[in-house]
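Take a look at this one chain, the form predicted on its own, written out in C-alpha cells.
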C-alpha cells in the first residue's frame, strides 16, 4: 500500500503539469470498454472531475459504438464496417442518435453532476454545433484506394463552437454527442474521434486525449515489442499510408493529425482499460499509451 511519502511524491510530480495546463482546454474522446465497465466508467469520470478542479477546462466527446451495436442486435439489425466506420442506413442513424443522445450523453452528464461538476449535454444539432457532409470511406484494394458510400455517416464540414465556448466560460463541462446535421437537413453519425480532433483544433486546445481499448500504437500489432510510445505527425501519416495503422485506429490517428496540424500541442491515444489512465498520461512523466506529436523533439509533458 502506498505510504504518505509516496503519496506526496505523486502530488509533487503532478505540480509542474498543473502549473502548465491550468486554464487550458483539454478535449477528451471517451469511448471503448471504459464506457461499459462500471469501475472504469467511475475512474474516467473521476479523472475528468479532477481536471476540472485542477483548473483545466475539459470538453468531452463520447462515442458509443458497442451500445449502438447492442441496440441494433436487439432490433434484429446486423452491423457491418468499412475502414473502421459503421455502414449506416436511415433506420440505423435514427437508432444511433437515440442511443448516443438519449441514453449515453444523458448518463455521462448525470454522472459528472453527481460527482460535483457542472456538466451540460450537447448534440451536434444544438445551435448547429456540427454541420456535416457525407463521408465516403476510403478502401485500399490491390494497392489502390477507392471511395465507398456507407450511408448516413458524416464528416465535420463546419463547427459553430460559440455554444461550447460559452459553456466553458460559465464553468460547465460540455459533453458532446457526435451527431451532426447536413445542409440538406439530414442527420449524420460522425466518428467521435474525428469530432474530437476537429473540436480540439477549433478550440485551440492544449491537448487531445483519445481513450480506447488498446495500449496504443504498434508498428506491427502482432509484435508486442513494437509498441510506440511517441510518434511524430509525419511517422503517423506514413504508417497509415503503408497500412501499418488500419481499421479503427485510422480515425484516431487522423484525429491526432488534424489537431496537431491546427496547433494543438500534443495528442494522446490512451488505454482506457487501465484505471485513471487519463490522469497518468497528463500528470506523470512516464505517461501511458502513445503520444502523437508534431515533431519528435517535442519535450515530454
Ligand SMILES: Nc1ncnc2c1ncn2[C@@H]1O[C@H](COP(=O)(O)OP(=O)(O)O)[C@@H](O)[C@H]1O
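Positions refer to the first chain, counted from 1. Keep in mind the model is a prediction, meaning the values are calculated, not measured.
Not on display, but discussed next: the form predicted together with the named molecule.
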Let me test this: is every residue among 57, 167 and 197 within 4.5 Å of the named molecule in the model of the complex, going by heavy atom positions? no
The named molecule isn't shown here, but in the model of the complex, which of 121 to 129, 158 to 166, 199 to 207, 214 to 222 has heavy atoms within 4.5 Å of it? 214 to 222
Is residue 249 close enough to touch the named molecule in the model of the complex, meaning at least one heavy atom pair within 4.5 Å? yes
With the partner left out of view, is residue 244 within 4.5 angstroms of the named molecule in the model of the complex by any non-hydrogen atom? yes
Any chance residue 33 has a heavy atom within 4.5 Å of the named molecule in the model of the complex? yes
From first to last in sequence, which residues of 174 to 209 have any non-hydrogen atom within 4.5 angstroms of the named molecule in the model of the complex? 193
